[in-house]
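Take a look at this single chain in structure tokens; it is the form predicted alone.
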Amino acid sequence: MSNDNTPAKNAIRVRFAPSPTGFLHIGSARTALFNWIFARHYGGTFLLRIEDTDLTRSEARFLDEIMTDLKWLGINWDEEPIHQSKRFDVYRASAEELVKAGRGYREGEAYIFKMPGARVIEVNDMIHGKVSFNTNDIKDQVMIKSDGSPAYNFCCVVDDAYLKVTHIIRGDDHLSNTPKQILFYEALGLKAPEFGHMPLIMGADGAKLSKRHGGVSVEEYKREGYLPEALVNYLLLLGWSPGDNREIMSLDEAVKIFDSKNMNSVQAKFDLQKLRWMNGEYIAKKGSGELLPLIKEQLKVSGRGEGVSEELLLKLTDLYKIRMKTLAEFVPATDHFFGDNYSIDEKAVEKHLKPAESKAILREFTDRIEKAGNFSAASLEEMCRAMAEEKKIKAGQIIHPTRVAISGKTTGAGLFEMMEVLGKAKVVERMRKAAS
């Protein structure tokens, strides 16, 4: 941030103002996150204001999802949210006050604010520094529309003043609204808050973030198996630099080390691959017991969770958590553990199971493990290495056909650990079938 004014402790009041006309956008989630961290770091108050003035498009289901997603991200609020749909009379009264004072006029049922001419409005933006606007470039502003609903810029000011908001942190797309709002504050005899405008999140190609860059709503990332800690961590890096090339940090750590002067003034690019990497780091560090409820949910959604024991799920989670970038990858990676109806890579079958030499190797390895008394991963690996040495072949010539035979895949957890979890009877059955 370019503004050196450090906010006073406990005096901060910030707000996040979602509109319940759709799911929580990833950019809006970042805005909420930075307002929340700003408040928590400086010992202030974080508020919610529901911008539901569009009565036809606003839906309770979207509001419920937005509030659920905020809580999922770890963002809580300090006071009961206010709803703009319940404050139309307040906005009308404020507009009438300005018309009576000669600062506005009526056009039918609409209330219009008279824009003063030839004035320069200077904003000391917390992120961009000094920004200037000329009122000659701004037309008269609607306060109340002819249908009785308030215009965005006007009701924002009335509500922010009512909530005693001291700092407004929002996206760059609102920068052009700032001079209009400052004039409303002035006309109503109110002190304007400090403003900070974060550059928008763009796709990796520099274009506006859209579905072709990945999900655009928090709900999508939640459904795809991203952890809230990872998504929050990544969103932090899209607007702030903690220094020391540090990338992995918890929300609590971020609150402690946050410095508003280090918020970025350049556009952030959303890199899905980096988010996937970060999510994988968080998954790998979690205990399997912590991941278990989330894994169960993935199985439930896929329709494969019926009758699966927790013991098996914990073993599989142990094996696969270091290999997953998202929890949604768990089911397709482990489907061969939940019955014989699993996906098979036909190219892998062609390459590793069709050649006569591969079938012969697979038959012999099956014979050996069927006779073995010990079916531990270590014992199975020892048998494989011994056979490779005896036959003067590479261990991979045994490993690859065996993996495809028992899982239908060329990748996954360690082969011998997989075999141990599947159990001797199932492994032998699948190997015999593949070698026939």
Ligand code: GLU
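All residue numbers refer to positions in the sequence shown, first residue = 1. All values reported here derive from a predicted model rather than from experimental measurement.
FYI, the form predicted in complex with the ligand isn't displayed, but the following is about it.
**Q** Within 4.5 Å of the ligand in the predicted complex, counting heavy atoms only, one of 228-236, 338-346, 307-315, 148-156 shows up; tell me which.
**A** Only one stretch qualifies here: 148-156.
**Q** Given that the ligand is left out here, which of His128, Arg323, Lys269, His174 has a heavy atom within 4.5 Å of it in the predicted complex?
**A** Only one option qualifies, and that one is His174.
**Q** Pick from Glu381, Glu51, Glu370, Glu65: which residue has any heavy atom within 4.5 angstroms of the ligand in the predicted complex?
**A** Partner contact (heavy atom, 4.5 Å) among the options: Glu51.
**Q** Kindly confirm or deny that Lys351, His400 and Gly408 each have some heavy atom within 4.5 angstroms of the ligand in the predicted complex.
**A** No, none of Lys351, His400 and Gly408 comes within 4.5 Å of the ligand in the predicted complex.
**Q** For Ile12, is any heavy atom within 4.5 Å of the ligand in the predicted complex, or not?
**A** Flag for Ile12 set to no.
**Q** Does the ligand come within 4.5 Å of any heavy atom of Ala17 in the predicted complex?
**A** Within the cut-off, so yes.
**Q** Counting only non-hydrogen atoms and a 4.5 angstroms cut-off, does His167 reach the ligand in the predicted complex?
**A** Output for His167 is no: heavy atoms all beyond 4.5 Å of the ligand.
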